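Presented below, as C-alpha cells, is a lone chain in the form predicted on its own.
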C-alpha cells in the first residue's frame, strides 16, 4: 500500500501533473546549463513571452528587491542573476494561478521576500537577491497543495482552526508531509539551485539545512517576523518561535532584532501597496 506522502511526491515530481511550466522556462533551463550562453541570449528567450516578461519586471521592481530601476530583462539578469530571474518567472507563473481568496498567502510571501532582503543586507551577506527570492518562494508548497490536494487542504485548514496547531502539524496528519518538503520537491523538479531549494525545504527546520544554512536561517527569521508583524495571513493560528540555531547562525542580538523589526515595519507599507497593485490587474 502506497503512502499519501509517496503519492503526493509522485504528483509533484511528475511535471505533467503540475501547472504548465512555460516553454520559456524550459528553454531558459537549457541555456543556463550551458556555460557558453550569454545573458543576451537568455534575455531574448524570456522577452519572447510578453506576459512572463512583464511579471518578472514587476517583481524585480518590487519591495523584495528594492532596485526600482529594472527596465529590461537583460538589466534584471545582470542586477539579479539568471537564477533569480528564472525563479521569478516560475513564481510569477504559480502566483498567477492563485485565487483572490488566498491573497493573504501572496502578501505573506512578498513580505517574507522583502524582510529576507532587509536582513541579508543588514548582516552584510552576499547574494541578497537570491535570499530574497528564497523568501518569496518559501511557501510555494502551500500553493501546490492548494492546487493538487484541494480536499486535503480543506481538512488541513479545519484542523488548524479547531486544534490551534501549526499548519505543518496538520499537513503531516492529513497528507503525511508538509508544505516545506513539497516546496523542496518542487524546487528539484524545476531544477532550481540548492541555494534556493534548501531555504524553501528547511525554513521550518534550519538544523536540517547542511549546505546553505545561513540563507535558510535568514528565510526562517524573515518568516517568523512577518508572522509576528500581523501583516497579511499566512494561514498560521499563532507565531512560531525563532529557532535557536537560526539565531546563533546569524549571530543576532536583541538590538539588531529591534532594528530589523522597525525597518521591516516601514517596508511593509510598500509591500502592501505593491500587493494591491498586483492583485488589481
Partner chain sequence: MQKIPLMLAKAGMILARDVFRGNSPIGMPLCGKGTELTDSLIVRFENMDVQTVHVEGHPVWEEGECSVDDLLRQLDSRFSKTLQEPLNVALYNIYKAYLTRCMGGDSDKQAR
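Keep in mind that what you see is a predicted model, and the values were worked out from it rather than measured. Residue numbers count along the first chain shown, from 1.
Same protein, other form: the form predicted together with the partner chain, not shown, and the subject of what follows.
Only one segment in the set 195 to 203, 119 to 127, 161 to 169, 181 to 189 has residues whose heavy atoms sit within 4.5 Å of the partner chain in the predicted complex; it is 161 to 169. The partner chain in the predicted complex comes within 4.5 Å of no heavy atom belonging to residue 51. Although the partner is absent from this view, residue 233 stays clear of the partner chain in the predicted complex, with no non-hydrogen atom inside 4.5 angstroms.
Although the partner is absent from this view, residue 272 contacts the partner chain in the predicted complex, with a non-hydrogen atom inside 4.5 angstroms.
The partner chain in the predicted complex comes within 4.5 Å of a heavy atom belonging to residue 244. Annotation for 224 to 239: interface residues with the partner chain in the predicted complex are 224, 225, 227, 228, 229, 230, 237, 238, 239 [heavy atom within 4.5 Å].
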